[in-house]
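Take a look at this single chain in structure tokens; it is the form predicted alone.
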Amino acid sequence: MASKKTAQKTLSLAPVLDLNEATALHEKLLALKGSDIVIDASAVERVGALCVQVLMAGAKTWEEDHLSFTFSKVSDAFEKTTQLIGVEIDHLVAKEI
């Protein structure tokens, strides 16, 4: 009998998350739908509001599906940009024990 536990997948974000990257990011998230997901934003140098919106929509979708959506690592640029545009991601960042 198959386990209800889904495999965890990792998505490493591109260094530049601008308007051109938003569609590709959306498609990558759709491909991972149905699995717990860990986002690695450690390489992000620049992020636009549209890509943040795609990520937050993904977080909401994963929450509704009762799956895990966390950020394992975030760069300073990613963190500062989300703060500047008023998006709170602290609840999505994995905590060290």
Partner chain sequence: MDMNEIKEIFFQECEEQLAELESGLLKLNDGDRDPETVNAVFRAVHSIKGGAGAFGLDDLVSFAHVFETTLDCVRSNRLDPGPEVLKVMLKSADVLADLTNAARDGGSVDEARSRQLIKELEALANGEVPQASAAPAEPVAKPVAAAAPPPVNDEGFQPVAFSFDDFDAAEEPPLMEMPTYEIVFKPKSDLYAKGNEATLLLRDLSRLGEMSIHCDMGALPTLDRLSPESAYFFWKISLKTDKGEDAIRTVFEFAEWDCDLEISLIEDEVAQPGEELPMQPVPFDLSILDDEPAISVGVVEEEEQLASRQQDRDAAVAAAATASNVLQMAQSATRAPAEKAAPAASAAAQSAAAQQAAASAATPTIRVDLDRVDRLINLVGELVINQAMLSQSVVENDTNGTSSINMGLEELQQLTREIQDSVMAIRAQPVKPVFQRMSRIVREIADMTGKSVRLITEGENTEVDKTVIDKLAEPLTHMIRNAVDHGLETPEKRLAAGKSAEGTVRLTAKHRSGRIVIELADDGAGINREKVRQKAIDNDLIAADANLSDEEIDNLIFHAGFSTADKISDISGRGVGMDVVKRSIQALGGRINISSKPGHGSVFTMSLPLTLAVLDGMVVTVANQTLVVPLTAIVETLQPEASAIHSFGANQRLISIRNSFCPLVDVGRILNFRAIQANPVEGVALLVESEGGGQRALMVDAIQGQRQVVIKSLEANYTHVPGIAAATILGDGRVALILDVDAIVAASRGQSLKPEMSLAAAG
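Since the model is a prediction, treat every value here as computed from it, not as a measurement. Residue numbers count along the first chain shown, from 1.
The same protein also has a form predicted together with its partner chain, omitted here; what follows describes it.
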Residue 77 within 4.5 Å of its partner chain in the predicted bound form, heavy atoms: yes
Partner proximity in the predicted bound form: residue 45 to its partner chain, non-hydrogen atom cutoff 4.5 Å: yes
Any non-hydrogen atom of residue 53 within 4.5 angstroms of its partner chain in the predicted bound form: yes
Touches its partner chain in the predicted bound form: residue 61 (any heavy atom, 4.5 Å): yes
Stretch 15 to 47: residues contacting its partner chain in the predicted bound form, 4.5 Å heavy atom cut-off: 19, 22, 23, 26, 29, 30, 33, 45, 46, 47
